[in-house]
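Shown here is one chain on its own, the form predicted alone, set out as C-alpha cells.
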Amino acid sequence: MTNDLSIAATLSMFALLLIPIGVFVWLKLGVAKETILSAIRMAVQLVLVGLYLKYIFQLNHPLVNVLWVAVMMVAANFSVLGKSGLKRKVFFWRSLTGIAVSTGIVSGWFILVAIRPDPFYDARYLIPITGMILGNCQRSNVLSLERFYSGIRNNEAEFTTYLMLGATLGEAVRPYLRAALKACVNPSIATMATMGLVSLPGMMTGQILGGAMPLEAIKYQIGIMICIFTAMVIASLLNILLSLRVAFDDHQRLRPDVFQ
C-alpha cells in the first residue's frame, strides 16, 4: 500500500509552481496566468474524474465504460485542434476518426491480446490504458498537425513550385509530412532509448508504489510504451492524410480559412 497524501500535503505541492511562474514573470513570457489557470483546472478535473471513476469502476458496465472512453476522445480532439490552430468545424470529424482508430486498434490489442482481463471491458484496464495512449496521441497530433501546416504556409513558394512541376498533392506534401512525423516521434524515440537508465516511467512507478513486483511492472511498461509509440505514429499520419481533402481547394492550394 502507498502512503496516502493528505489534502494539506497535496496543496503544498502547488508551492513548487512559484518557481516556474517566477521565471515566466522575470522573462515576460506571458504564460504565468495561463499556467496558474491550467494547474487549477487540472486539479479540479482530476478530483471530479477521480470521484466519477470510483463509481465507474464499481459499476463496470460495458456501455458506461465505452461512453467514458468516447468522452475522452472527443475532449482530446477539441484540444488537438485548438492547440494546432486549425478550425474545429472543418477538421473535427476527420481528426476524431484518426484519434479513435489509432487509440482503438492499439489499446484493443494491448487489452484483448496481451492482458486479456475478465471481463474484457474491465474498467480498471480499459480506461487507464486508453487514457495513457490517448494522452500521448493528443500531444503528438498537436505537434504533427501544427508542424505540417505551418511548414506548408511558411514555404508556400516551394510548395507551389512542386505542384507547377507536375507533382500531385500527395507528392508535394510529402516533405512536410516527413518533417512533421519526424518532429512527432523524435522525443519518444529518445525517451525509449534512455528509459530505465535516465528515468523510471509513470506506469511502472505507479505499479511499484501500488505493491506490484518490479518485473511485473516492467512488462506492463514495455507494453504501454510500444502501444503509445505505435498509436502516436498511426494517429499523426492518419490525421494529416484525412485532413488533406478539406485543407486544400480544387486547385491544390492551401485554404486560408481552415486556420483559426
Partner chain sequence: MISFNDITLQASQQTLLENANLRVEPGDKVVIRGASGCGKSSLLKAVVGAFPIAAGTVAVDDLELSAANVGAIRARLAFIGQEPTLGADSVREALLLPFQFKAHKNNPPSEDRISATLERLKLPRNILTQPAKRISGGEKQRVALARALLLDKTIFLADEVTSALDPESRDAVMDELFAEEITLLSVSHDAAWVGRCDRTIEILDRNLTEESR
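Numbering follows the first chain given and starts at 1. This structure is a prediction, so every number in the text was calculated from the model and none was measured.
Here the subject shifts to the form predicted in complex with its partner chain, a form of this protein not shown in this document.
**Item:** One stretch from 127 to 135, 157 to 165, 79 to 87, 111 to 119 that, in the model of the complex, holds residues within 4.5 Å of its partner chain by heavy atom
**Value:** In short, 157 to 165.
message: Against its partner chain in the model of the complex, would residue 253 count as a contact residue? Criterion: heavy atoms within 4.5 Å.
response: Yes, residue 253 sits close enough to its partner chain in the model of the complex that at least one of its heavy atoms falls within 4.5 Å.
inquiry  = in the model of the complex, is there a heavy atom of its partner chain that lies within 4.5 Å of any heavy atom of residue 146, even though the partner is absent here?
reply    = Contact check for residue 146: no, nothing within 4.5 Å of its partner chain in the model of the complex.
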